[in-house]
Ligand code: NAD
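Let's start with one chain on its own, the form predicted on its own, as structure tokens.
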């Protein structure tokens, strides 16, 4: 009998960047809906262990450095060794680097290269691993955490971030069109400002009004809102979301 209170029951889902504000909220929501999350972390093992404890130990933690080109493959290998079968991948890990066009060329290139490695190339490698795995096991779900910045452009000193998120949106659409017939469902989530540590740093420097001035509802999204959308998109009943970009931005960017 189907347990409608646990729509993700029996599913094992790998979440990258699982200890950050949005990542932790996603992990907790997935656990509430019956999934077994595999929590990826880069450096903060203590936070990963605490998060695993909060969800009752029904999951696992894995460490990998996604800024290293070998990190994604190592992460996937560890996750498979733990779970055997993975049903969903949430590419949530990401960084945002500030770099000016007046920076020295070496600094400029380094910022772009690192941002693309963590935000995009790591995701592409994990998507590839997931697609191969899903095709051999009857399908699966990929959720890519993009951004409003990837749709409308971004501030001058944060152009690498917007560019990586735009690439991630296109990757999601390509996967959806190419592999949907084989049971691989890919969806992108595009938040605007979310009340996280990154947002708090911005508010500390520029004030809250600067962050919410173009958000019609006047507030940032909460991590729990993003997590709820992610969990919904992972439901087996939501196959027709394949290829969609789900905007969670308070009306600050409307397509």
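Just so it is clear, the structure is predicted and the values come from calculations on it, not from any experiment. Numbering follows the first chain given and starts at 1.
This protein has a second form, the form predicted together with the ligand, left out of what is shown; the following refers to that one.
Peer 1: Pick from 123, 175, 146, 79: which residue has any heavy atom within 4.5 angstroms of the ligand in the model of the complex?
Peer 2: For this set of options, the contacting one is 146.
Peer 1: Among 205 to 213, 28 to 36, 45 to 53, 58 to 66, which stretch has residues with heavy atoms no more than 4.5 Å from the ligand in the model of the complex?
Peer 2: Careful reading of the contacts points to 58 to 66.
Peer 1: Could you tell me if residue 14 has a non-hydrogen atom within 4.5 Å of the ligand in the model of the complex?
Peer 2: Residue 14: no, not in contact with the ligand in the model of the complex.
Peer 1: Answer yes if any heavy atom of residue 161 is within 4.5 Å of a heavy atom of the ligand in the model of the complex; otherwise answer no.
Peer 2: It does: once the ligand is placed as it appears in the model of the complex, residue 161 has a heavy atom within 4.5 Å of it.
Peer 1: Would you please decide whether residue 140 lies within 4.5 angstroms of the ligand in the model of the complex, comparing each non-hydrogen atom pair?
Peer 2: No - in the model of the complex, heavy atoms of residue 140 and the ligand never come within 4.5 Å of each other.
Peer 1: Within a 4.5 Å heavy atom cut-off, is residue 22 in contact with the ligand in the model of the complex?
Peer 2: The answer is yes: residue 22 has a heavy atom within 4.5 Å of the ligand.
Peer 1: Residue by residue through 78 to 92, tell me which have a non-hydrogen atom within 4.5 angstroms of the ligand in the model of the complex.
Peer 2: Residue within 4.5 Å: 92, and no other.
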